[in-house]
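Given as structure tokens, the chain that follows is alone and in the form predicted alone.
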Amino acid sequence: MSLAQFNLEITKIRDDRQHGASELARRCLAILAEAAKTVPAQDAVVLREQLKTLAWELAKTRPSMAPLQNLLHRWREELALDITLDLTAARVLAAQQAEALIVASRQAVAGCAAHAARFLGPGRTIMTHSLSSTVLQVCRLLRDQGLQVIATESRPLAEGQVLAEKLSNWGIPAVYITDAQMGLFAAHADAVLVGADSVQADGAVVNKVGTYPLALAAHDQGVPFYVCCESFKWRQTGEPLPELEEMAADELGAPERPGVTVRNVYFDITPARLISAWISESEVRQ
């Protein structure tokens, strides 16, 4: 992998609006596995340092998404475990370590979904926001158990349309609403279930903008609000709040006017006090 190819991959990760945090983290690991096999290096020590630098660059691309930082940090730590390898063996081990973390991430997501499906049970109406791969798996697991879904549009790119299409293909009854209708429809749900891009040590959740007002609406209506995400998304105690990424203003389609500033912040923070439970691959924490 050349530097130009790597920079192209960096741009793709930074500009990606279609995939969630876990999927992008796995893509980063796949890029690093390929880099481990192909990046020019004179010896294992040089290779290791180059790969650490590449991992650091990838981890910085999406600051709101904890799995990129957590999984790539774990990979960098594993690179330092064995410094006795020759170049060929170091390449193989680094690639294998990245591939193993990809598997671990997928297994964690599957574990979260299984826990959430059991926790929610049959015959439920859930409301969700944005397009979480974990929530999608929960819906797939419950599709023959009387599940119904209220799906928000999730502006500006309307990820909710993709969710609604998948639900339709699975035969799951769904109601599709604009984000502005959250307050009207929250009372019609048995529970709200969302994913997360990052979870702070105190339980506050960074997720697609609109999650916070949905949590407020659910709280006001007495509807439980559940966050379903793998442990790779949790940040450590003492870590500062992540940067809330802001995207191009033209995504909103707002007309340009003198003196008018258009903002397009993609993520918001839902405080822990509004969350009824956090569902991971290992536990339901209430």
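Residue numbers run from 1 along the displayed sequence. In this text the structure is predicted, and so the values were computed from the model without any measurement.
Missing here is the form predicted together with a further copy of the same chain; even so, the following discussion is about that form.
**Q** So in the predicted bound form, does any heavy atom of residue 30 sit within 4.5 Å of a further copy of the same chain?
**A** Result no; residue 30 lies far from a further copy of the same chain in the predicted bound form.
**Q** Does any part of residue 210 reach within 4.5 Å of a further copy of the same chain in the predicted bound form? Heavy atoms only, please.
**A** Heavy-atom contact with a further copy of the same chain at 4.5 Å: present for residue 210.
**Q** Is there any non-hydrogen atom of residue 50 lying within 4.5 Å of a further copy of the same chain in the predicted bound form?
**A** No, no contact at 4.5 Å.
**Q** So in the predicted bound form, does any heavy atom of residue 181 sit within 4.5 Å of a further copy of the same chain?
**A** Residue 181: contacts a further copy of the same chain in the predicted bound form.
**Q** If the criterion is a non-hydrogen atom within 4.5 angstroms, does every one of 11, 15 and 78 touch a further copy of the same chain in the predicted bound form?
**A** Zero of three within 4.5 Å in the predicted bound form.
**Q** Select from the listed residues 95, 102, 120, 174 the one whose heavy atoms reach within 4.5 Å of a further copy of the same chain in the predicted bound form.
**A** For this set of options, the contacting one is 174.
**Q** a further copy of the same chain isn't shown here, but in the predicted bound form, which of 67-75, 159-167, 84-92, 110-118 has heavy atoms within 4.5 Å of it?
**A** This holds for exactly one stretch, 159-167.
**Q** Where, within 213-240, is there a heavy atom within 4.5 Å of a further copy of the same chain in the predicted bound form? Residue list please.
**A** 213, 216, 217, 220, 221 sit within 4.5 Å of the partner.
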